[in-house]
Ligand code: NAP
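Have a look below at one chain only, the form predicted alone, in structure tokens format.
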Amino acid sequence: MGVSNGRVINIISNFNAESKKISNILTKKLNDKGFYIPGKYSTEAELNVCIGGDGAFLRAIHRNGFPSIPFVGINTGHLGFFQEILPENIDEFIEKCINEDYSIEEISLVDGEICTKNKSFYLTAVNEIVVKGNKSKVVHLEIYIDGNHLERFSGDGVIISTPVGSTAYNFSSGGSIIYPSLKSLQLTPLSPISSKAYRSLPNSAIVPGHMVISIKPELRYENSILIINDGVEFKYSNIECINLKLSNKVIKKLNFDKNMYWNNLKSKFL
């Protein structure tokens, strides 16, 4: 079955041998069906196909500026929670693309505003933004929800995850799994310490998406804070406050099966 000319698909692959092999196979099969695969990323494409593991998927989103073009992943990694297509199912995937036999779901992101004494910096994450101590130092943080003081935290730090990121670092740190379509953020403590001076929540808290989470380090810790944005570390001097909220940006992702999330969750974790 052929397709009309002009349908462009970006193939974004990591550099390991298996991913490059699958990329070459997919390129040939798509070309044979009449699709055009550009040599470099095209903003005119109808679809981004990311080949690799979850790390490759996240890097593709960040490097291409959180594009509006939908993503789908072919898993050649270990876990591949984002990468739902197995290499042996490429032919079935191509037929569904030809027939547009899929739905498009939106993935909510989290925005971080890092306010220092002199300037504000902005980050966006797919999975999570982590606020923790540099060089594994214990940090003391005042945490507010929409201006309401929640806790005087002491410990390794906190994770602020999106629903889709709830199955990543958040889950491994004892956080809850949140269904991707729910508009919320999750605040999860890392090794919380409770004492007479500091009262830290021992478990995660789910925060409605319209609310802002504000984190203020104690003055003596303002230069000991490390910000980790989807696994990438950032260091800022003289941090006064970190504001986190659900982003207005979204990422679009193909869904070929309404039961895919639950099947994927079971196959990866149970």
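This one's a predicted model, so the numbers in the text were calculated from it and none came from an experiment. Numbers follow the displayed sequence, beginning with 1.
Below, we refer to the form predicted together with this ligand, which is not included among the displayed structures.
Taking the partner from elsewhere, V164 is found to have a heavy atom lying within 4.5 Å of this ligand in the model of the complex. Taking the partner from the other structure, this ligand in the model of the complex has no heavy atom within 4.5 Å of any heavy atom of N148. Using a 4.5 angstroms threshold between heavy atoms, V139 stays clear of this ligand in the model of the complex.
The shortest heavy atom separation between P217 and this ligand in the model of the complex exceeds 4.5 Å.
Of the residues given (L30, C50, I239, L58), L58 alone sits with a heavy atom within 4.5 Å of this ligand in the model of the complex.
Between the options Y169, Y102, Y144, Y198, the residue in contact with this ligand in the model of the complex by a heavy atom within 4.5 angstroms is Y169. Remark: of stretches 38 to 46, 200 to 208, 230 to 238, 22 to 30, the one touching this ligand in the model of the complex is 230 to 238 (heavy atom within 4.5 Å).
Counting a residue when any of its non-hydrogen atoms is within 4.5 Å of this ligand in the model of the complex, there are no hits in 243 to 261.
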